[in-house]
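Below, in structure tokens: the form predicted alone, a single chain.
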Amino acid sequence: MITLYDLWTLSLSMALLALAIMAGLILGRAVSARRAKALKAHREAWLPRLLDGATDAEFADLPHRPELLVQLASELITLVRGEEREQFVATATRLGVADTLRRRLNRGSNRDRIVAAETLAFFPDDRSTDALDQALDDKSPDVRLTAALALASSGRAPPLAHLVERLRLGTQETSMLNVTLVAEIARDRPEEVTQLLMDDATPSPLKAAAIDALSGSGDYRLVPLVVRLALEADDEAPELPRYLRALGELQHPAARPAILRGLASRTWFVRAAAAEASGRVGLVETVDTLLRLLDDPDWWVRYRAGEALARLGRPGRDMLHEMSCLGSVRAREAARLTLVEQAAR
């Protein structure tokens, strides 16, 4: 049986426990605030000297905190350009930032390794290049891909064929970052990307990434290859719209067979991409098909068809005006929307 004394004892214990917890929270907050204040003071002391490229003697009187330096380097290195960046990187390297980043890339948490790889992209020394190259074999696919992007963005990537095999691009690694990686390499070594595209053994997702990377190059030699890929692709293949958009970017009339096939597709996103490509290439012969697509069940197809008609010049715009009065409800709405948008431009 619980006595009155037991209740008093229990209440007093709970009150003491609550006071102890509250005191702990207050103490923790005070320590945290003190640390934040000290960190802010250190940042304010380091920041101007880092940006000004101060001498070792000017850094000597500051508390050396490698973690703070790495954090500042990660934050600031993308904010400066040209000679300022080179000076910043040289100063950070002299202060041991690159050494800390390489250690993090080797032994840090997953997130730390990714941040280290991203930041090391700006450090052009051989040891950082070797560290990034070793990270291509990291256990984490995110770290591997980040290291590859860091090497590619700084013009230090291994041959693309080697990267494809090492990172299993297009097979196990199918991230959209593949497109960024291939585009980075295409900027300096487009012939390697073209070679990848020509190789029949290249997986379809990687071919699509290569086409995305090269479509803005204006190289008409790509047209027959992309047309062939578009004609051979399955009607529901996710890479088919990318082939069609690339043909639209290249704006060559030889894309006609692939675009005509796309306009008749059973898949809405293929019809939408084909309609967009038709307008970009200027295939006036597709006016009647585009008019039919103004009544397509899918809104995006109707929208792209309207855009394409507007791009086809006078014949397309005349038909849009006619459809805005005489078409079905969906076609009238699509035609009017296109005309309003065109008038607003």
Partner chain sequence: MSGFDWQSAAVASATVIAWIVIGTGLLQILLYLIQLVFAGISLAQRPPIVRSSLLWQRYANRAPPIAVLAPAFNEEVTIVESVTSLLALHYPEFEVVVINDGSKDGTLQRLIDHFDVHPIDRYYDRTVGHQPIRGLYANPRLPRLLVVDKENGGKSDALNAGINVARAPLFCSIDADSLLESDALLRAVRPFVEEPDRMVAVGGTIRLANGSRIEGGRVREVCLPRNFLALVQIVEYLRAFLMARLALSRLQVLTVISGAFGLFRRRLVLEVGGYSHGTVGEDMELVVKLHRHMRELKRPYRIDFIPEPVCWTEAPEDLTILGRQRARWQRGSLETFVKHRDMLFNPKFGRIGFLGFGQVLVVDVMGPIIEVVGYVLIPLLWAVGLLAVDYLLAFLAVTFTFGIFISVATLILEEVELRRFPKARDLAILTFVAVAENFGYRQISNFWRLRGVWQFLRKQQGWGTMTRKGFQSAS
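Just so it is clear, the structure is predicted and the values come from calculations on it, not from any experiment. Between two forms, the rigid core is the largest collection of C-alphas that superpose within 1.5 Å. Positions refer to the first chain, counted from 1.
Absent from the display: the form predicted together with its partner chain. The rest refers to it.
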All three of A45, S217 and V227 touching its partner chain in the predicted bound form at 4.5 Å, heavy atom to heavy atom? no
Counting non-hydrogen atoms within 4.5 angstroms of its partner chain in the predicted bound form, say which of L250, V115, A152, A92 makes the cut. V115
Contact flag, F59 vs its partner chain in the predicted bound form, heavy atom cut 4.5 Å: no
Even though its partner chain is not shown here, does D298 get within 4.5 Å of it in the predicted bound form, heavy atoms only? yes
Even though its partner chain is not shown here, does R314 get within 4.5 Å of it in the predicted bound form, heavy atoms only? no
With a cut-off of 4.5 Å between heavy atoms, is A161 one of the residues that contacts its partner chain in the predicted bound form? no
Among 99-107, 217-225, 123-131, 69-77, mark the stretch whose residues have heavy atoms within 4.5 Å of its partner chain in the predicted bound form. 69-77
Restricting to 164-178, the residues within 4.5 Å of its partner chain in the predicted bound form through any heavy atom are T174, S175, M176, L177
Return yes or no for Y303: a CA shift of at least 2 Å between this form and the one not shown, with the rigid core superposed? yes
Do you see a C-alpha shift of 2 Å or more at R35 between this form and the one not shown, with the core held fixed? yes
With the core lined up, does the C-alpha of T267 move 2 Å or more between this form and the one not shown? yes
